[in-house]
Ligand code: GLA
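Listed next as structure tokens is one chain, alone, in the form predicted alone.
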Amino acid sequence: MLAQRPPMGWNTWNTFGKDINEQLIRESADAFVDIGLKDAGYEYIVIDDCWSEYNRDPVTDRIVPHHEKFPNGMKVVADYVHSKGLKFGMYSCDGVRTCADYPGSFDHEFLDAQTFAEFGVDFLKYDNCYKPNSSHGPTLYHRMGMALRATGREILFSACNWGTEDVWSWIRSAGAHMYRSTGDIVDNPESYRKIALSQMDKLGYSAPGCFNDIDMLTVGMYGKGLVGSTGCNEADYRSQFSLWCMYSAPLMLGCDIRKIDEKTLKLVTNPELLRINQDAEARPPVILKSGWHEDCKVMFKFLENGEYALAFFNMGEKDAEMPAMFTDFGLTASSGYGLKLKNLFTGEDEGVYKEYFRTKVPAHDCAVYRAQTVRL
């Protein structure tokens, strides 16, 4: 079954928007392999909006790839991505038009799904613009879910309705494998923090087979993207990536991976953080305020094999001493157990702590530990 763990890949939209073409996809697929993203577990190369002609083919009624951007057609592009051992993704919309005003799939779901399958698509991002007022959102996603299955091809269904219509309560029934639960992210600190905070009480709906998608990562963009992308610093990117890992959210990179810097590459391929994100149990973390700081959150997450993750996020503008009281996670002082901690950014063992652990976290930054219970 698809999406037993959060999907990992790359999407064109955050950095490139409408400026996409066959050469970009080929070069990005090459980079995926050359810099080690594929080896780290990233597998989907996804083309977002603006890939088609402005109108459907007047004879076949099919969506047609843009003749200048993709002169050889999508099957050739998909074949190249597949030749790299990667999977190929595309975009459509449940409305009459896409968000950028290209042909949508409303009332063409089965024809479009078959077209995508013939292209060799492995992943479909399905957006939510320009749908008729008389339409019922859940029905439209059910319709495309059935259409994708009717093709006989295994296609990951990425539903993108921005968290409207209480999507978390019904989207699993539509056959989706991941579901957008928020509005669009942009590359600034306020955006990713707002998104992360908005989902803290909804993570229990996310589970293997259908994951809460809190949008594509802006990690490594440094302001080189769409409107609102003022950029973040390294601390913000550490926090954003770590939050997505603690949430078991899909990891869809949005930077230009052909030009990714060494620090960003090291972060997004950190094997310990990826172990948290890809944990088979995909349990949501317990999330609590840390100390007196409203902007500071401490998270504790059950992992497989009897391990845990302990993370501290300082979303404020000042450095903070952040405490974690183990009893808040179920480990009391009288239990006879403590926590052995390993710092996942430095790789250092921090020792064994009973009842309480405190760490200093700079503004916008985070600290993440792998934890094991040990008898004292």
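Start at 1 with the first residue shown and count on from there. None of these values were measured; they are calculated from a predicted model.
A second form of this protein, the form predicted together with this ligand, is not displayed here; the remarks below concern that form.
At the 4.5 Å threshold, heavy atoms of Asp184 reach this ligand in the predicted bound form.
Although the partner is absent here, Tyr247 is not a contact residue: none of its heavy atoms lies within 4.5 angstroms of this ligand in the predicted bound form.
For the chain shown alone, Tyr205 is not a contact residue for this ligand in the predicted bound form, no non-hydrogen atom being within 4.5 angstroms.
In the predicted bound form, at least one heavy atom of Trp162 sits within 4.5 Å of this ligand. The putative spot formed by Arg193, Asp295 and Ala367 is not touched by this ligand in the predicted bound form; no residue has a non-hydrogen atom within 4.5 angstroms of it. The stretch that touches this ligand in the predicted bound form, counting heavy atoms within 4.5 Å, is 43-51, out of 344-352, 320-328, 66-74, 43-51. Note on the partner interface in the predicted bound form: the residue among His177, Arg238, Lys125, Lys301 having a heavy atom within 4.5 angstroms of this ligand is Lys125. This chain is drawn without this ligand; in the predicted bound form, the residue among Phe88, Tyr91, Phe157, Phe211 with a heavy atom within 4.5 Å of it is Tyr91. Taking a 4.5 Å heavy atom cutoff to this ligand in the predicted bound form, the contacting residues in 90-116 are Tyr91, Cys99, Ala100.
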